[in-house]
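Consider the single chain below, provided in structure tokens and representing the form predicted alone.
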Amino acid sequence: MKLARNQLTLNGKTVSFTDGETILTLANRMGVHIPTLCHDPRLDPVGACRMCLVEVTGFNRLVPACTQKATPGMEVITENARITRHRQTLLALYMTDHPQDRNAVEKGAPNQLLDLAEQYQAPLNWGRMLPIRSARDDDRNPYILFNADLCISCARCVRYCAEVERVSAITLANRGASTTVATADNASLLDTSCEMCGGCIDVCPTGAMTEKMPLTRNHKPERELRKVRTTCNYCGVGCQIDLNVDDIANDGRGMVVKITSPPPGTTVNDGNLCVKGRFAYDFIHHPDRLTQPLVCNENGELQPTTWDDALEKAVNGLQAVAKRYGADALGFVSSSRCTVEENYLMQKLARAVFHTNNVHQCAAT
């Protein structure tokens, strides 16, 4: 059967592709799963892990789906005995120097390498090699922990730092089996261009890059965390974040033990977060955090009250100033941490309700 332009056969089914689309992107769009370890849709594909190799008619060797562009008339097979045998062999080689005890290594995110080894029933009796990568467990930065024993040198963290964050704080050092993630002169991340965004943690497939903070809290890694999707409140961009809640911690009252980002391509921030969005969540459970409105009593002391009472007193106070000194005696200050809509409402309140143009917010937009 002759195929039309920009059509190929995927697992025996005729599908259309767009110019420049890779086999992996096409397969994902068609709901066909191809396993990967080094791939991230935000990064340029490199074909380093070799997990995504597929069979293409006319090619003598298996080809990496993440880098191979789709071409008209191509016949692609993503699953057969040959491909499965390759993946089992590859995973067995990965596991020769990788910890196999899931309970010991999974301190936060799931270990995708262990997941794939179980899925493809990779043989784990090929012998064991001692890990020879050097760890940086003495880095004094308060957020990011690197466990070199779990690293498979996929370079996702290095590439994310260079291609997305554009700071190149980390790199691959040494050669061969000694290849590891490091900084220039093995310096602390605090002494590099690192912005502590935690993107390296987010893209790491094995948990070699992980958060320090949950390990210092009353949280047990084996506990299941409940994810709550919400909006980061540190600026007006509106980044979506997932609160990871340990319902047993904090004497059964629950505690947010870490922040993760939604998958790339699903929210406005495309899975990216800044240092505040990912790590600055201590205020949630801080004992000094205000959880209800306060108003001054007759003695000038702040006392808890209801929202209705607090808003009524604020309105009365503003109206009293305007009546005595005029509308221009009032000033309204909003915040860049508010959304555009909230800042719009603040200026609407100032101009339409109190008839003053004295309104400002620190982003000056």
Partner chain sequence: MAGLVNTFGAGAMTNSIGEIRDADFLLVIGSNTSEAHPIIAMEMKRAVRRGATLVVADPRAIWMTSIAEKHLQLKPGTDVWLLNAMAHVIIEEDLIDHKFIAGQTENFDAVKQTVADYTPEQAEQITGVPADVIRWTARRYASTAKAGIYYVLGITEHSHGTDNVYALSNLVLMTGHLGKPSSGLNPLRGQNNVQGANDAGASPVFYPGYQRVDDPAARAKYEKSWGVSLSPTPGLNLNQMMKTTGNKIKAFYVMGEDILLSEPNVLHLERALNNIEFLVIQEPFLNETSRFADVIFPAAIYAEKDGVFINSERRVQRVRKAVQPPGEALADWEILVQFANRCGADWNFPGPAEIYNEMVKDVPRFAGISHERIEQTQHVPGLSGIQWPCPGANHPGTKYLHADGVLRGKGLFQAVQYRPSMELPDTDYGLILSTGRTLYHYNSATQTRREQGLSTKQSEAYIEIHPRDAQKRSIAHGDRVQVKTRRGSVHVRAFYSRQVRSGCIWMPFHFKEARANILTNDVGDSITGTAEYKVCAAEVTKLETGKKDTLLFPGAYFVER
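Rigid core: the largest C-alpha set superposing within 1.5 Å between the two forms. No experiment lies behind these values; they were computed from the predicted model shown. Numbering follows the first chain given and starts at 1.
Although not depicted, the form predicted in complex with its partner chain is the subject of the following passage.
Student: Name the stretch, out of 157 to 165, 201 to 209, 114 to 122, 70 to 78, where some heavy atom lies within 4.5 Å of its partner chain in the model of the complex.
Tutor: Checking each option against the 4.5 Å cut-off leaves 157 to 165.
Student: State the residue from Ala109, Leu225, Val105, Leu189 whose non-hydrogen atoms include one within 4.5 Å of its partner chain in the model of the complex.
Tutor: Checked against the cut-off, the match is Leu189.
Student: Taking its partner chain as it sits in the model of the complex, is Asp270 near enough to touch it, meaning that at least one heavy atom pair lies within 4.5 angstroms?
Tutor: Yes, Asp270 sits close enough to its partner chain in the model of the complex that at least one of its heavy atoms falls within 4.5 Å.
Student: So in the model of the complex, is its partner chain close enough to Thr25 to count as touching (4.5 Å, heavy atoms)?
Tutor: Residue-level check for Thr25: no, no contact with its partner chain.
Student: Indicate whether Asn233 is a 4.5 Å heavy atom neighbour of its partner chain in the model of the complex.
Tutor: The answer is yes: Asn233 has a heavy atom within 4.5 Å of its partner chain.
Student: May I ask you to state whether Asp282 is within 4.5 Å of its partner chain in the model of the complex, using heavy atom distances?
Tutor: Within the cut-off, so yes.
Student: Residue by residue through 306 to 339, tell me which have a non-hydrogen atom within 4.5 angstroms of its partner chain in the model of the complex.
Tutor: The stretch touches the partner through Trp307, Asp308, Ala310, Leu311, Glu312, Lys313, Ala314, Val315, Gly317, Leu318, Gln319, Val321, Arg324, Tyr325, Asp328, Ala329, Leu330, Gly331, Phe332, Val333, Ser334, Ser335, Ser336, Arg337, Cys338, Thr339.
Student: Once the core is superposed between this form and the one not shown, does Arg289 show a C-alpha displacement of at least 2 Å?
Tutor: Indeed, Arg289 is displaced by 2 Å or more.
Student: For a quick test of reading the superposition: does Pro41 move by 2 Å or more at the CA between this form and the one not shown, rigid core aligned?
Tutor: Comparing the forms between this form and the one not shown, which are aligned on their rigid core, Pro41 does not shift its C-alpha by 2 Å or more.
Student: At a change of 3 Å or more, would you call the C-alpha separation of Ser334 and Met196 in the model of the complex closer or farther than in the form supplied?
Tutor: Farther is correct, given that in the model of the complex the C-alpha spacing of Ser334 to Met196 is increased by at least 3 Å.
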